[in-house]
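Only one chain comes next, encoded as structure tokens, the form predicted on its own.
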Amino acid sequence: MKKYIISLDAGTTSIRAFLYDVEERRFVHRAQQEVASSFPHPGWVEQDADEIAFKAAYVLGDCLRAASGGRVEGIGITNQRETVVCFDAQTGEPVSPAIVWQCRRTSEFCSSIPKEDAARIKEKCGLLPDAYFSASKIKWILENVPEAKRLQRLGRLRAGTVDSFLIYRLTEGRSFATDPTNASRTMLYNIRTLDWDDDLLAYFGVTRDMLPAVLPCDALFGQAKLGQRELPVAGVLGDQQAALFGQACLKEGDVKLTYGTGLFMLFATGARPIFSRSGLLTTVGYAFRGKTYYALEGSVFHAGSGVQWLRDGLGFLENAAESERLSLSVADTGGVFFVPAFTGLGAPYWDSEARGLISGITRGTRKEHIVRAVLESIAYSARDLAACMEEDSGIPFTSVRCDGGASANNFLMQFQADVLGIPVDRPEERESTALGAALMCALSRGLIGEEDVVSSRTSERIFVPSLDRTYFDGLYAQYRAAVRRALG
């Protein structure tokens, strides 16, 4: 009988489920449902948590039907990180819309945190105080949603990231748990003691009883009830850490780069947390087989969203794939540079007041130049992060493993290699996030070994960098000059 794992990927724009054939080591079926976001005020981003849970159950059911004749051994979960859902422990009903990781409503509060407090926060959790992370979102709900405050007094309020909310709903309230990769993105979790931190809880007005239990990534998180069937949830990671695992970045110095709505570079640092001096974040990479592994992370808020803006906002593209053809139709950008600071800049700048910028426009500038500049900005952002990681770790990059939607763009991947000056390695299976959750679940269920995680990854193409370092270093210097103009 065929053995399968279902990987549930609860992303920002869609909920997807993948049926993974353990023996063949590949996805054999996938289901997807779009998830809507709302923007009630400038800088605010919300989602309907009930919609997330409903569509998760729907795509899981689709994969279960596709597995007819085989045996589903478990469900792995990966999810958009930092997004917060607060709900009633008795009913499972959310008290407000989910506040999405992109939401900037708490920027003013985070900017007001004194430098000495920010330093203490970073020392404990590895994060720089920013509206990006979960803690200030929970604080906002407690201060602005009366029902949340009432339930907190009664001991019935629960607050968690999307993974923990889904586990609660899928297990019908029998389990409320998260893993260290998601917990480490809340700004409430001490990555040294590997526990919720009482000082951080008090600082943000959060009580310990509100939060989920933190279990290793390969733990059994509960039994999901899907119709008449119950399936173990075993294997949970935040989306970027799942991609790190799916890309088999298990050794110190391994690097993966994910191109999604944002851009996320994770650099594996092994069993030791490295605290950045360059504006990067220290995070848990994964925790399995009794050990915890760490990573340096650089998060750029906008990457693929820049291409979406070209398509939906300016009408320059009919589809995202067209950006490659238009970029290759011109020899260069004609001196145009784009800074993707639609809602501020993330690592390594952390400037919430920065705004997007197009510079170098002349009468000869065409839409093709602007499209190419938007794609090139993604590669420059990655170089920002790589330079910081090499400085903080003392370990030079030798190659980067890429994944995510934009990794299909050959122009961008070649330009990325040229700008970084190192090879960019694209895998055959580019759904690294879903693969990471599937492999962690299979590992938890005893279906594969650690060596199988490494052998499951195969390269589809390696992009070799240009030897002309002077030219590409010069382009990067001009991009940095544009960034300085965009800073708030």
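A residue's number is simply how far along the shown sequence it sits, counting from 1. Take the two forms, superpose them, and find the largest set of C-alpha atoms that agree within 1.5 Å; that set is the rigid core. All of these numbers come straight from a predicted model, not from anything done at the bench.
Beyond the structure shown, there is the form predicted together with adenosine-5'-diphosphate (ADP), which is absent from this document and is the topic of what follows.
Just one listed stretch, out of 151-159, 404-412, 337-345, 78-86, contacts adenosine-5'-diphosphate (ADP) in the model of the complex at the 4.5 Å heavy atom level, and that stretch is 404-412. For the residues Tyr286, Tyr168, Tyr380, Tyr259, the 4.5 Å heavy atom test against adenosine-5'-diphosphate (ADP) in the model of the complex is passed only by Tyr259. For the candidate set Ala213, Ala119, Ile395, Ala321, a heavy atom within 4.5 Å of adenosine-5'-diphosphate (ADP) in the model of the complex is found for exactly one residue, namely Ala321. Using a 4.5 angstroms limit between non-hydrogen atoms, Ala131 is distant from adenosine-5'-diphosphate (ADP) in the model of the complex. Looking at Gln90, you'd find every heavy atom of it more than 4.5 angstroms from adenosine-5'-diphosphate (ADP) in the model of the complex.
Mapping the unseen interface onto this chain, Gln308 counts among the residues with a heavy atom inside 4.5 Å of adenosine-5'-diphosphate (ADP) in the model of the complex. Shown alone here, Leu375 lies within 4.5 Å of adenosine-5'-diphosphate (ADP) in the model of the complex, counting heavy atoms only. Looking at 270-304, the one residue that comes within 4.5 Å of adenosine-5'-diphosphate (ADP) in the model of the complex, counting any heavy atom, is Gly304. With the core held fixed, the Cα of Arg81 is displaced between the shown form and the other one by less than 2 Å.
After superposition on the rigid core, the Cα atom of Gly306 is displaced by 2 Å or more between the shown form and the other one. Taking 2 Å as the criterion, Glu318 counts as shifted between the shown form and the other one: its C-alpha moves by at least this amount when the rigid core is aligned.
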